[in-house]
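Quick heads-up: it's one chain on its own, the form predicted on its own, in structure tokens.
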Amino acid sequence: MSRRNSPSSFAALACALLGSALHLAAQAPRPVAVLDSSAILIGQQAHINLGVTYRADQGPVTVQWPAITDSLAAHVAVLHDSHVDTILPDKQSDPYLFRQVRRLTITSWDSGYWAIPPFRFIINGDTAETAPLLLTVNTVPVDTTQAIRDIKGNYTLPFSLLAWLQDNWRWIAGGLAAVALLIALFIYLYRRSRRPRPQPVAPEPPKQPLHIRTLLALEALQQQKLWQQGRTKDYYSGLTDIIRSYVEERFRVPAMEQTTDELLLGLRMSAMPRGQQEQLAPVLRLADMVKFAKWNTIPAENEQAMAAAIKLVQETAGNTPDAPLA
């Protein structure tokens, strides 16, 4: 019996193909077929290596390979076809030397000497054939001196837990993983159900109209009774802050950042009517005298300043689209 697929056989095959390639490099491309094992046992495999070597610097080469079916002869079957591949057998020394190769895996189920016919190629329009091959298929030697024995019946092995675990460990591992996943899911859902639910946040009440907020702020300032306690400066500071904030939001004038003269000048270009501007001016000037000149006012002046502020808000609030007079 021959040794198949051994390193020495592949080395010999490579040397044979390389020698053929070098010999044919200077000639016209010729196909080559090499059988790696000329003798096999029934059912064993052998390989046929087909190749066409040519040079790319000698003009274009067209190679038409033969059609290969599932058998090469009546008793030689093809088990595998690697199909055609192109390689460079000596890339470093000769980059123009190309080889098309193909590997067939064959076998035979009948003993005998089977001829493998030549493989026919068409290269640049010319027909070229490989040499025929001969495959020897031997039978398995039988010792005729021994008596013929019956086939033994089935033998039942004793149960082995280790063997059973080796055969079924994937199912066991999958079942344990599924149980662990279910336990983790149950713990997660249980803990989630125990968490206190957040109380719904009550929606913020709608914002009151500007004139209502301003009137409420003036009323709160009155209830503090600041000037009655001798805190006249605090009283006028709170009064002017409320009025300036109202004017700034109502008429889009930077009242909080301007002096009295700058504010009155800016209001001339605003939507505030002239009459309300004339009402506002005395209140602001009196407040400046109290805050900066330490002017002593009488109770009537304090009450008139509050009344003028309330009247100003009531008269100018009628034109705001979102703040009708209550």
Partner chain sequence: MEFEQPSAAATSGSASDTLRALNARIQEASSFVDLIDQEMQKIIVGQKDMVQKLLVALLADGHIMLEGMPGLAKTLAIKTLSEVVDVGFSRIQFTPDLLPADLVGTMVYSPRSEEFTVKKGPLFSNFILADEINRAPAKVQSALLEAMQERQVTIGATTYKLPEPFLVMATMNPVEQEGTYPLPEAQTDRFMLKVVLDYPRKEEERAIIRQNTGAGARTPVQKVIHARDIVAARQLVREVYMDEKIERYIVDIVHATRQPGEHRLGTLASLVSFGGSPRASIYMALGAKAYAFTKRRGYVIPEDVRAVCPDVLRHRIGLTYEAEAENIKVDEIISQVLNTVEVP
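For clarity, every value in this text was computed on a predicted model and none was experimentally measured. Numbering follows the first chain given and starts at 1.
There is another form of the same protein, the form predicted together with its partner chain; it is not shown, and what comes next is about it.
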Quick check: do Glu219, Glu249 and Met272 each get a heavy atom within 4.5 Å of its partner chain in the predicted complex? no
Among 261-269, 59-67, 44-52, 29-37, which stretch has residues with heavy atoms no more than 4.5 Å from its partner chain in the predicted complex? 261-269
Heavy atom within 4.5 Å of its partner chain in the predicted complex, from candidates Arg120, Arg213, Lys233, Arg103, belongs to Lys233
Which one of Ser237, Asn124, Gln224, Ser111 is close to its partner chain in the predicted complex, taking close to mean a heavy atom within 4.5 Å? Ser237
Is Gln304 near its partner chain? Define near as a heavy atom within 4.5 Å, in the predicted complex. yes
Does any heavy atom of Ala317 come within 4.5 Å of a heavy atom of its partner chain in the predicted complex? no
Can you tell me whether Met256 touches its partner chain? I mean in the predicted complex, with a 4.5 angstroms heavy atom cut-off. yes
Examine Gln276 and determine whether its closest non-hydrogen atom to its partner chain in the predicted complex is within 4.5 angstroms. no
What residues in 274-310 sit within 4.5 Å of its partner chain in the predicted complex, counting heavy atoms only? Pro282, Val283, Arg285, Leu286, Met289, Lys291, Phe292, Ala293, Lys294, Trp295, Asn296, Thr297, Ile298, Glu301, Gln304, Ala305, Ala307, Ala308
